[in-house]
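One chain comes next, on its own, written as structure tokens: the form predicted alone.
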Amino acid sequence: MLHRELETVSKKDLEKLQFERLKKSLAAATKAPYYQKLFKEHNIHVDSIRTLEHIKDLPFVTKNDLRLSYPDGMVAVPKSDIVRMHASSGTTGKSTVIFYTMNDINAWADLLARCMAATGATREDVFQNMMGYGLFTGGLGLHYGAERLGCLVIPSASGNTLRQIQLMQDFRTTIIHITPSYALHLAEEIAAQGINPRDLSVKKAYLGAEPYSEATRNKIEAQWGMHAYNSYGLSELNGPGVAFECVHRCGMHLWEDYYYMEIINPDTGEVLPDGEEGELVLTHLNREAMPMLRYRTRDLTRIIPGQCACGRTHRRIDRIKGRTDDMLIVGGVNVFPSQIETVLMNIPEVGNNYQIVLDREGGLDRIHVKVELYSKMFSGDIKNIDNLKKMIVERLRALIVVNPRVELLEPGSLPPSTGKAVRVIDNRKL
């Protein structure tokens, strides 16, 4: 059941539900070895959490805590009650492993069906899922949500571009779930087949799994002639479905009957008021197998003040600006890759692919931005390319306050992406 009445619940009733679920989550946490140790170290008694405000008395949990509790130190139910596990890619150390009971799986499917319905999706839609399946949460999460909503689901997974195109044509796909970088690449491949992407039946795209700018979304929409929806999720909090845009696309509704959210100053841990930008902290209120209390996501955003025109009362978060741990420090200056992407994607001559390379020369940090241009740019006056390069350098320098080296490349010079794009290569760590 989708429990649609919960989407417009009053603030008072929502807070009452949140506290009831928080008490259950705290009781479950006391059964997990990790939380038993954590509560003892911090002298935490769950009975002392008597209001939602008291959640601030709990310590934060980080990704490193999940690694330290690997493989099952945060599990709060008997092993016989667990029906599934997912895991992160583990690119920066041990994988972070997440466990689910059957109730957890069903609740997750309900939540993702709610997300899709908020965009106007119905059981009449054909949903082509181009995300990876397996330990990654993205593929199976939306798969179950689309089935719960009643859509025809095509589990095409990532890659095999020619097959993706054929499936879209043969089954008249109306919704795709895709990474932004692959959406750009796929549009190019469709055009190379002599097909205008706008002539396909695709009306909606759910974008996720990697950071991207509003300019990138605009570019995808222009190429495909469809609406692209921002979504937010992370494996530690189930996966996709934590927050999603509705048809008005003015921020992502974070589903507060499932998650209690805080925005904190990432340096001090102080909770910030609505409207101020900081790090998103989430407490899962409706998970049995593996409670997650005050998890520091490292994602930077803000709560958008006011209510959405759709009538949903769950507050909205702004698009993710970046991550506190993905921030690049170049010559002492803080730079987010999303800032560079915004500049590039707003320049019409720039193609769909780019890469940021960081090096150290003579003890100084250097930033090298490789940019693919559309092929037509290489058939005209070389002065045009020189002028374009100068313009890109000037726009980047004005925004990031760092003097970049810019290299303009022909289409196909950089590796295409069929999954998560590798946008940043930091050679300073080698």
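Computed from a predicted model, the values in this text were never measured in an experiment. Numbers follow the displayed sequence, beginning with 1.
Although it is not shown, the form predicted in complex with a small molecule is what the next lines describe.
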| query | finding |
| --- | --- |
| In the predicted complex, the residue from 177, 114, 253, 287 that sits within 4.5 Å of the small molecule by heavy atoms | 177 |
| The single option of 358, 165, 310, 327 touching the small molecule in the predicted complex, heavy atom within 4.5 Å | 327 |
| Location of the small molecule contact in the predicted complex, chosen stretch of 234 to 242, 118 to 126, 214 to 222, 257 to 265 [non-hydrogen atom, 4.5 Å] | 234 to 242 |
| Proximity of residue 137 to the small molecule in the predicted complex, heavy atoms at 4.5 Å | yes |
| In the predicted complex, residue 230 touching the small molecule (heavy atom, 4.5 Å) | yes |
| Close approach of residue 351 to the small molecule in the predicted complex, 4.5 Å, heavy atom | no |
| Non-hydrogen atom contact residue 323 with the small molecule in the predicted complex at 4.5 angstroms | yes |
| Outcome for the Cα pair residue 275, residue 333 in the predicted complex, compared with this form (closer or farther; change of 3 Å or more) | farther |
| Sense of the change in Cα distance from residue 219 to residue 336 in the predicted complex - at least 3 Å versus the shown form | farther |
